[in-house]
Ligand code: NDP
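Only one chain is shown below, in structure tokens, and it's the form predicted alone.
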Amino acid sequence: MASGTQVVVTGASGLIAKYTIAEFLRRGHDVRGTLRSLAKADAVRSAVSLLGADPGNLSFAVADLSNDAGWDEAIGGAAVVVHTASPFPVEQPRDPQEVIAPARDGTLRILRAATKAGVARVVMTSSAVAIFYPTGRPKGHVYSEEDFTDETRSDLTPYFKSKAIAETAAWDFTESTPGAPQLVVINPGFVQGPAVDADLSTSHELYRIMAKGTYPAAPSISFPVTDVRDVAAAHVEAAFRPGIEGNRYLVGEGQLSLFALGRILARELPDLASKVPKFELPDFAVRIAAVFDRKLQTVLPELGETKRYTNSKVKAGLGLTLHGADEAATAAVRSLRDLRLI
């Protein structure tokens, strides 16, 4: 697409959105970011500047995933919509619909508005958790974009279900709605890489929790790791490349355990070494503790799991070279110290 193309990025105050907006601007495109309130507009402009982009071609529109109002105006005139907005709670809600409903209904609101506006393509931020939890996969299975999470599994958290349900709703909509935009989906893992300001993502907030010494031990779980810089590049490439509509792209390079993330924090910031987890908890102890600490419920589906996966499709299909897991986590830790947040 030619320079100057109008792109809309939803959830503009999020970490992935800020990096993605900056990448679009660096490539000469006009970006309209959506926010629930314009109160965060200046902070987004500042973050974009820190990421080396000129915010002069960045504007904002007010729209909320939970309400139809404002979406037609926000998306009107856009050639591409990048939908990054979705709830990611630190603590799992008691009512699953608190996460599921805005993720699913918000996605459908955006797709309806994009269809009405004649948008050519929607790039949706989903998650690796919409891939890694199908049923019936043998031990040692290598996960890829061909796998899809079974949202009916009783052991999944509301957040995990919300990502699968929202992505399924998006595919169903674009396949059944005349005039719907092309759909491309990005499925990042546990997002690391440099924080840009004090408005931290949930994944970066984990280091602040560790730095306080909240958890002397860590659950024995591992995550596929994704650098936020790679996630942004994947979104921008997915917005422009011809012939890739209808594809999903799993973005990640390696994986790290929670305990290993703590070791990286201690290695990079020795003054916090006494605060990080000292050992890994047995799975049964984590399950018991999760009854009393709702934050731990998020990790229960990961217990006893090591996810083997392939990232060959994103490398070949979008032409990306990805940052490694240790590099991404190290950049996260160093950025939080530079921002004086830990």
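All values derive from a computational prediction rather than experimental measurement. Counting begins at 1, following the sequence as shown.
Another form exists, predicted in complex with the named molecule; not displayed. Remarks below refer to it.
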Residue among 30, 283, 64, 280 with a heavy atom within 4.5 Å of the named molecule in the predicted bound form: 64
Contact residue in the predicted bound form, from 82, 85, 195, 234 (heavy atom within 4.5 Å of the named molecule): 85
Proximity to the named molecule in the predicted bound form (heavy atom, within 4.5 Å), stretch among 177 to 185, 142 to 150, 252 to 260, 197 to 205: 197 to 205
Contact flag, residue 126 vs the named molecule in the predicted bound form, heavy atom cut 4.5 Å: yes
Interface membership of residue 36, the named molecule in the predicted bound form, 4.5 Å heavy atom rule: yes
Touches the named molecule in the predicted bound form: residue 40 (any heavy atom, 4.5 Å): yes
Interface membership of residue 25, the named molecule in the predicted bound form, 4.5 Å heavy atom rule: no
The named molecule in the predicted bound form: contacted by all of 122, 171 and 317, heavy atom 4.5 Å: no
Within 213 to 244, the residues that have a heavy atom no more than 4.5 Å from the named molecule in the predicted bound form: none
